[in-house]
Ligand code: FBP
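In structure tokens, one chain follows: the form predicted alone.
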Amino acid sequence: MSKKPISPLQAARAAYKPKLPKALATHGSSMKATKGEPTQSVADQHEIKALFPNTYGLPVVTFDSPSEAKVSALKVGVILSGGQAPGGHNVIAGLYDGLKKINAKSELYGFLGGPSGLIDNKYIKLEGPLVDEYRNTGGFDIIGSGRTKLEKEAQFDKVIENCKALGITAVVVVGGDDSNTNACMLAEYCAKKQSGLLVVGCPKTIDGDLKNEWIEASFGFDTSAKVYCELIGNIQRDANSAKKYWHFVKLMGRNASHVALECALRTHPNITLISEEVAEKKKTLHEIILEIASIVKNRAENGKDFGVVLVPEGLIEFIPEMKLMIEELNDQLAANAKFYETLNTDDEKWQFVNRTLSAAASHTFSSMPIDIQRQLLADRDPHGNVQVSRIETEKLLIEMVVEQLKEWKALGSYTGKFSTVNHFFGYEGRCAAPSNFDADYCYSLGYTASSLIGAGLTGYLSSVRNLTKPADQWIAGGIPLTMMMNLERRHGKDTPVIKKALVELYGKPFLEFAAHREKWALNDEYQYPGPIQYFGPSEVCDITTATILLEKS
């Protein structure tokens, strides 16, 4: 059978050799786990400890010396869970190579379509030629992904049964905060049942909200942000050339604004909204509109009827009156799910909203444009919440800014022109060929996961730190999944989940942005990052995100 045709770039990238932390590169994957002090969850310690008695309080571990113990051949399963992120294939490549380094007879099985493949026992054996075909490529297509939740005991029992039949003694879950929450629950259940099945996670999400002291970045964030920055730079060049359009760009980031902040630091747009700041300052939607319209007005007075606005997709949930409305909607629709499914017309749904929401929430809902109301009442996500990515927040802002400018024009205080173009950059960044940083980082995460398994550890998330240094100075290890857990409201009840990392308003990345945004608003200090560079000097090709560089400076 002939091989699939590939592009010249794919052929060149196939030859790229990812870099590893020195300890792993020198000693291989059979490593001694150096253990630190016992840990506790980031919040709700009493409740989390009660829910995870078998995996709570484990120590952070690092790998810095070889293990003298010989490890038998391992059989390991791996799943890719949730949305795609650049570098997933290199996680699998690193995991495969690490397992082979431990014992050449080790085997790796890829379960197809994400968690559902693990439950339904759909898998392929990942052999060397197939893994080689996908090294340094974007996407998750080697085994596919899925969003099935692993959270019920019947599912856990099926996983244990399927793995036992195949002789698999460890499962690696490559995913974001929700996927690794499920990994944490599976690890606890397997430990409780003394099944012998180890569970290890790898931190993935382009949103960048799976991070802490030990997880400095989630993989894929670097590459996707670079893709978006290239597109934003192109738009800024066009805006500065045509000088007649305001571009409103919605970016990935429902729960946090890391992508928007990173893109702002790299491209210097005129306006960037940061959801966490909106929540902290309790800004109303009207106040946000006034801020945007005022910058539009001030630029028009300088003869500049153009500009670029960055909007995080989750902004709407951080505006206090919108947050209240959405929380009430989520709770009411969860409590009345069966009845709500019987409502067929918009009018019936709006009557339901007016009956069940508080006066304040109902008023906010009624003030929204009709299209936004429909989007708020559309199908929920798997957690029973509004699918925020489907809400066209950028169009809502445009529509309301237009109305504000009309009001000022009628008063004679605004004489400019406001022509707009809206964009949503999401899928464009999810499957890009990983940057050198992500190629190295993901390979190291997979290799580290094999070390965690080789050391017999379960309930851990693969951790690679010291990321602003060259890769040979990175520090490999693992942190307990329970360390990241807290309680969160889901389907109207408190549920244990990994806590999302929000933009810190006192952190260096935000403070750097805040120090320059007034100047960027009125001047055209656009930067044009250009496309990802894979070949050339290290200071161009291997550089990581502005966010990490500032955080670690």
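The model shown is predicted, which means the values in this text are computed figures rather than measured ones. The numbering used is simple: start at 1 and walk along the sequence shown.
Omitted from view is the form predicted in complex with the ligand, to which the following refers.
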query	finding
Candidate from D97, E317, E313, E216 lying within 4.5 Å of the ligand in the predicted complex - any heavy atom	E313
Residue (of G220, G253, G459, G446) lying close to the ligand in the predicted complex, criterion heavy atoms within 4.5 Å	G253
In the predicted complex, segment of 464-472, 237-245, 202-210, 289-297 with a heavy atom within 4.5 Å of the ligand	202-210
G110: touches the ligand in the predicted complex, heavy atom cutoff 4.5 angstroms	no
Touches the ligand in the predicted complex: G82 (any heavy atom, 4.5 Å)	yes
Y427 within 4.5 Å of the ligand in the predicted complex, heavy atoms	yes
Touches the ligand in the predicted complex: R380 (any heavy atom, 4.5 Å)	no
Within 4.5 Å of the ligand in the predicted complex: residues from 128-165 (heavy atom criterion)	R147
